[in-house]
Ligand code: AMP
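Next up: just one chain, as structure tokens, the form predicted on its own.
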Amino acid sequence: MNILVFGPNGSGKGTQGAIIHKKYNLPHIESGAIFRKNIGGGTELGKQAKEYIDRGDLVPDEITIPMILDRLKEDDCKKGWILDGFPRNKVQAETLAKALKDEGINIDYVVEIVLDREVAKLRITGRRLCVNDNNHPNHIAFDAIKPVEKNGELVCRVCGGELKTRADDQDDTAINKRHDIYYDDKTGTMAAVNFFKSLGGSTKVISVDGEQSIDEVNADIMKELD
């Protein structure tokens, strides 16, 4: 079972990916981790990517997509995978779909977490990141996932680890920039989602209301996956 997960920053797509991973024992693959592994491991693609990053340039798709394909062909992906954080625009979606098709790899499900832009922004500013695992949900505004207090400090509700905020989570300009990319339905991430919706065939698109609780969102996803 091969799954793409989409959702704006603040929608909880990483949390849902982690839950799906736990239930189906599928690797939860984040594009950022693929970059770090290739660059840290000194692979040829990683070296090429690092040259662009060091110059402050975006890594081109002809480097990014082969890295992703290499990861999806590893042994732990033979029974399926969950890809989170890529593609980010329509061109990447089209290129990835073609590359997967050429390799005989099918996209079985596309999960889209639908969330109003202003709600997504409020969720970002209140979230806290566990230093042990970014997929441990903590948010100061939601009782269900509110951090716990220990020795006068808020710590991760899951493992008790230290909590931090991302600087760009508190930066309106940075948040708006990320959301401008996601909510762009002409060339951005929403255009990528719409591209997959147009494919039809064996790829099933699951759109769920992201304003629900984590459990409710997950229940809506799982009933479509089961």
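In this text, residue numbers run from 1 along the sequence as written. Because the structure is predicted, anything quoted here is derived from the model rather than measured.
We do not show the form predicted together with the ligand, though everything after this point is about it.
Remark: R36 counts among the residues lining the ligand in the model of the complex, judged by a heavy atom distance of 4.5 Å or less. Among residues of the shown chain, R178 is one whose heavy atoms approach the ligand to within 4.5 Å in the model of the complex. Though the partner is left out of this view, C159 does not reach within 4.5 Å of the ligand in the model of the complex, counting heavy atoms only. Shown alone here, L199 lies farther than 4.5 Å from the ligand in the model of the complex, counting heavy atoms only. Contact with the ligand in the model of the complex, judged as any non-hydrogen atom within 4.5 angstroms, is confined among 149-157, 133-141, 101-109, 81-89 to 81-89. Using a 4.5 Å cut-off to the ligand in the model of the complex, each of I53, L58 and R166 places a heavy atom inside that distance. Contacts between stretch 1-27 and the ligand, counted in the model of the complex as any heavy atom lying within 4.5 Å, involve N9, K13, listed in sequence order. Note on I63 and L100: their C-alpha atoms are more widely spaced in the model of the complex, a change of at least 3 Å from this conformation.
Between the C-alpha atoms of G104 and D61, a gap widened by no less than 3 Å is obtained in the model of the complex, as opposed to the form on display.
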